[in-house]
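Shown below, as structure tokens, is a lone chain in the form predicted on its own; questions about how it binds or moves come after it.
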């Protein structure tokens, strides 16, 4: 369609030819990595505006980086949430538990016990710290790398593992891809594999909460690659037009599967800057600084509860490992990126902070890590009694017709009966999960 009609004289032939820009990551496998060009700013230097301020007053916060923890492992500046040591230890414990859980589940997938898993190594603070800044009944609409929210909210590990194994203990009855959890009791909306759909859902839920005069707000998480989806932009429009009490969390971990963040617009500006065009409050935060993550989420939550408006938060972090167990990052990025990332590891940074203020030590850290690993191991062994991939311990075949309609239509009732009859013919002696 871009070709000129046949025989048409080429107009403006003396004009320079147009050129298309195709984003290209700076480093590919084998390249030497140098992140010295990243402007990560100095901890404690970013101003903390009033939570009810007009978005136009905080433009610089969409381009800088809110940081609290310094190179001295101490907290600095107005964004320091001044959390007590016990809360900090709980946060560290939750993050360590997430990491132990990831390690065990990744290994389980490699052993053939489940078909799929996604780790969040290096991004634990963006879910754990953020979740701890919200009320326990605030509704969350996560993406697929926010297992830390469920763990921070006390969701039983065995229920998570049952879902990953799609076994007979899976409350979702094997109808979701592994790691796509759902828990009404923990205000955790069902994860969808269709990326960015959770953003308009979160805004719609927040609007409904406001219409009913409720006090609960909504928060959603989406990767930076998914901000290129139309759903994300629709969500931003509705959020600002109706002043929805919602927080839009964008996890900028530099990579969307095998495509780097430039394909979503990172070469041109920050993802937090997208807030400015919509009239949203925008914050760009060090996603590997647990204190900064907590402070930003708390600021946005207070703003939403005060009917001061929605907030878009970009958490600047790094995906330390593959996109999923189906991905090999060595095929598209330099192996040095993880070690050269200038913002470090969120778990280690929080640990060093607690040690620096005299509230922790290496011995207790080692003990905590061991206890977390043993707790996950025990939950895994218990869940495996309900079955693993390929071992036949799953929900009864007949349940495939349940839980979709309030009253099953006649044609599905007929199909259900037919399927059960055929199964009885095939297995005349019966099976435990028939």
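Positions refer to the first chain, counted from 1. This is a predicted model, so every value here is computed, not measured.
Not pictured, yet referred to below: the form predicted in complex with a small molecule.
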property	result
225, 282, 148, 108 - the one with a heavy atom within 4.5 Å of the small molecule in the predicted complex	225
Among the candidates 144, 101, 316, 79, the residue which, in the predicted complex, approaches the small molecule to within 4.5 Å (heavy atoms)	144
Stretch from 164-172, 308-316, 216-224, 327-335 whose residues place a heavy atom within 4.5 Å of the small molecule in the predicted complex	216-224
is_contact(residue 253, the small molecule) in the predicted complex, heavy atom dist at most 4.5 Å	yes
Heavy atom of residue 274 within 4.5 Å of the small molecule in the predicted complex	no
Contact of residue 89 with the small molecule in the predicted complex (heavy atom, 4.5 Å)	no
Exercise: residue 339 in contact with the small molecule in the predicted complex, heavy atom 4.5 Å	no
